[in-house]
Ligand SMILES: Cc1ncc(COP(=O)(O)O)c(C=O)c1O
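Just one chain is shown here, as structure tokens, and it is the form predicted alone.
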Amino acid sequence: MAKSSKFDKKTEIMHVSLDPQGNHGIPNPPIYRASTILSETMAQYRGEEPSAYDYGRVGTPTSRAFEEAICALYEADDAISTPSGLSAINTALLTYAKSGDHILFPDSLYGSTRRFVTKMLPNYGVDVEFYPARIDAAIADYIKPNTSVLYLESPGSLTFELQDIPAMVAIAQEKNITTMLDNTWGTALHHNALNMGVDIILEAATKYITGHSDVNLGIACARGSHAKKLRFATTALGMCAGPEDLYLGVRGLRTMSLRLKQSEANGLALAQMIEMQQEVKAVLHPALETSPDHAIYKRDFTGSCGLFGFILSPSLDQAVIDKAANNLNLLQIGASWGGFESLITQAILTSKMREFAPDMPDGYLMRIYAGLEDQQDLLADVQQFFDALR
């Protein structure tokens, strides 16, 4: 499915996967709701004659439009779509995990992924091991003869550590180890890690791709033999996204660059303002020059997004923090991100969520997602939060 283009991705994203000539002049692809797809002949049904589609779960013009668009953005050979970001991750892992394997995960792993790999994969005879998020080239010390997958997540969930992906991928390639990366934060527009040698890219299209907090959707994409294995496993597992969600994924792609740009700018403005507050011990945002990962960010990313964290002083009282957050006007309290509205949450890193102590100061770990509201209004709302702490 890969297609090269002379245009910038921000331009290509407006036109990829459209077929108005094949759709009565209508630019947007239609929604195909289908389980049964009729064959013209019995020979075609038996597979002796070609057919573009044979069963709704396996693919329709709606799923093809979305997956071809993802392929174009990542320059991938194939992309699979699933009902959520987590299901895309788990499908990729199940494609490669087998009894007796050893699989490595960053300690900053997304919590729902961590639940799957710690509670489910061991049931199938898979040895799961976590490594420090900023281990980089020292990952070589964790590799065993039976290591089959090196899983990456950059930035890490909640604590936002970046990983030296080129260094880690080079080591994995020497050992013939498959690499996977959760790329939801960077997206294809700011971080195409397939071009850094990562074998499989995973992304929660729930976030910036659909962009309106009303869809669950996931993608996994790859090149070469990895793409073929992903496609086979997706079909074998019966994994498919719903037609309405796929349509909204295609539609969301058209405005993704604009929304990402606004969210990124709002996020940086908030991070810079928060960094100046006396109650803040650290701001966890790789795009800030004060970040310990800023050099990797400048090398590997072309932009950031609106999601970041910060640490409040441990001397504060939880009840005071709660009251300040509860009284915010624009930032709502809720999970997920990538939509139009700004969010604030708090995380408590228990021993179930981390094996290694995160490289950050002690205190209250907060997370902000900067949405698409007016920047000055957001700054005023967050300033109100800090005023209420005093």
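Computed from a predicted model, the values in this text were never measured in an experiment. Numbers follow the displayed sequence, beginning with 1.
The same protein also exists as the form predicted together with this ligand; that form is not shown, yet it is the one meant from here on.
*Please determine, with the chain shown alone, which of 130-138, 238-246, 176-184, 297-305 has non-hydrogen atoms within 4.5 Å of this ligand in the predicted complex.*
Of the options given, it is 176-184.
*Check each of S84, T91, Q262, T147 and return the one that places a heavy atom within 4.5 angstroms of this ligand in the predicted complex.*
Contact residue from the list: S84.
_Only one of A204, A222, I80, M168 gets a heavy atom within 4.5 Å of this ligand in the predicted complex. Which one?_
Residue within 4.5 Å of the partner: A204.
*Among Y110, E153 and W337, does every residue place a heavy atom within 4.5 Å of this ligand in the predicted complex?*
Yes, the whole trio is in contact, each within 4.5 Å by some heavy atom.
*S157 near this ligand in the predicted complex, any heavy atom under 4.5 Å?*
Contact check for S157: yes, within 4.5 Å of this ligand in the predicted complex.
*asked:* Taking this ligand as it sits in the predicted complex, is S313 in contact with it (heavy atom to heavy atom, 4.5 Å or less)?
replied: Close contact is absent here: in the predicted complex, S313 is far from this ligand, nothing within 4.5 Å, heavy atoms only.
_S213, heavy atom within 4.5 angstroms of this ligand in the predicted complex_ = No.
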